[in-house]
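Okay, so here's just one chain, in structure tokens, the form predicted alone.
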């Protein structure tokens, strides 16, 4: 399993400034044992978001439970570092290299072509089946964001009093539009006459912009705002709280920004998904050249009602629980294209 580098290469790598280590960013020394070595490379700083912090903690716990597995978490900040970081890990003899998002797709493909015996995974690449098929040692994996947003849409439709709900997306992209698609189908599934408004704030980091867009939808009659806009979503939560309407959260709860207005959140457990991929690869079930999805059934995504209030009725909570079971069993299927933008 191990590919031990020669002495000269090890010496050169140890001097590299763009290595594959942890916080020091220097290469690990080659290990002459049966330890399976896994690298996870993030194109964002781990401290920049809660999901990455949870992911890093989950991988650390996983490593602690497996004496024969070593996991390095690495930051590659800036496009010019992507390929050098991935290449350094390949040269350093890692068995499995996991990269993140479409930003790192080209770098992953370039290095994977040079190292066909290394298993590569990439999280949320947002490419086509043809793209994946062209790379037999890369498996893409991603969250199913339509399932929990379907439940969010159902809840919004059931709880609106004005008959109008709103959606603020971070941008007009495939990932955000899949969330929108599930949300809209959940609204329709509720079987009520509900109008849904859509806006894109074109930012994932600016609460002020998110708040502005949410306020525009509130002025049009929306009394539920679903904010799928990362850090900009905090502004959506603030707008809902100040207006005394309801806020539908994405990826996290908002106990500080919307303690009285949040109805529930579409929570994603990236750590569960990445660990599921690792388990699959380690057990010999790696599927290069394909993509794999993780959602409600795998425990990678759930819908959870707000923790700081009790806006939803017990009856509605039971309905959502039953719908989640139907989604997990395949009884309910959800399309990926928005009904409208």
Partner chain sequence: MMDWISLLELGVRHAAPILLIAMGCLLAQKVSIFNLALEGFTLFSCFFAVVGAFVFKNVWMGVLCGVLAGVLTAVIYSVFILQLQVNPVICALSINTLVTGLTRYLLKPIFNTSGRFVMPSELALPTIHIGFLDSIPVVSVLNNKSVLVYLSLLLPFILYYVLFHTEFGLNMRITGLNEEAALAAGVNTKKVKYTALLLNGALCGLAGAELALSVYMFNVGMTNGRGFTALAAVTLAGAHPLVALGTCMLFGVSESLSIQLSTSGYSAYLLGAIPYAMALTAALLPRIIRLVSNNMKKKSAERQAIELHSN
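Everything numeric in this text was worked out from a predicted model, so none of it was measured. Residue numbers count along the first chain shown, from 1.
One more form of this protein should be noted, the form predicted together with its partner chain, which is absent from this view; the next part is about it.
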ask   = Can you check whether residue 141 is within 4.5 Å of its partner chain in the model of the complex, heavy atom basis?
value = no
ask   = Is residue 270 close enough to touch its partner chain in the model of the complex, meaning at least one heavy atom pair within 4.5 Å?
value = no
ask   = Can any non-hydrogen atom of residue 185 be found within 4.5 angstroms of its partner chain in the model of the complex?
value = no
query = residue 162: heavy atom within 4.5 Å of its partner chain in the model of the complex?
reply = no
query = Exactly one of 308, 35, 53, 290 has a non-hydrogen atom within 4.5 Å of its partner chain in the model of the complex; which residue is it?
reply = 53
inquiry  = Between 315, 45, 61, 68, only one gets a heavy atom within 4.5 angstroms of its partner chain in the model of the complex; which residue is that?
reply    = 45
request  = Among 186-194, 261-269, 154-162, 224-232, mark the stretch whose residues have heavy atoms within 4.5 Å of its partner chain in the model of the complex.
outcome  = 224-232
Heavy atom of each of 172, 215 and 242 within 4.5 Å of its partner chain in the model of the complex = yes
query = Which residues from 190-208 come close to its partner chain in the model of the complex, meaning a heavy atom within 4.5 Å?
reply = 197, 198, 199, 200, 202, 203, 204, 205, 206, 207, 208
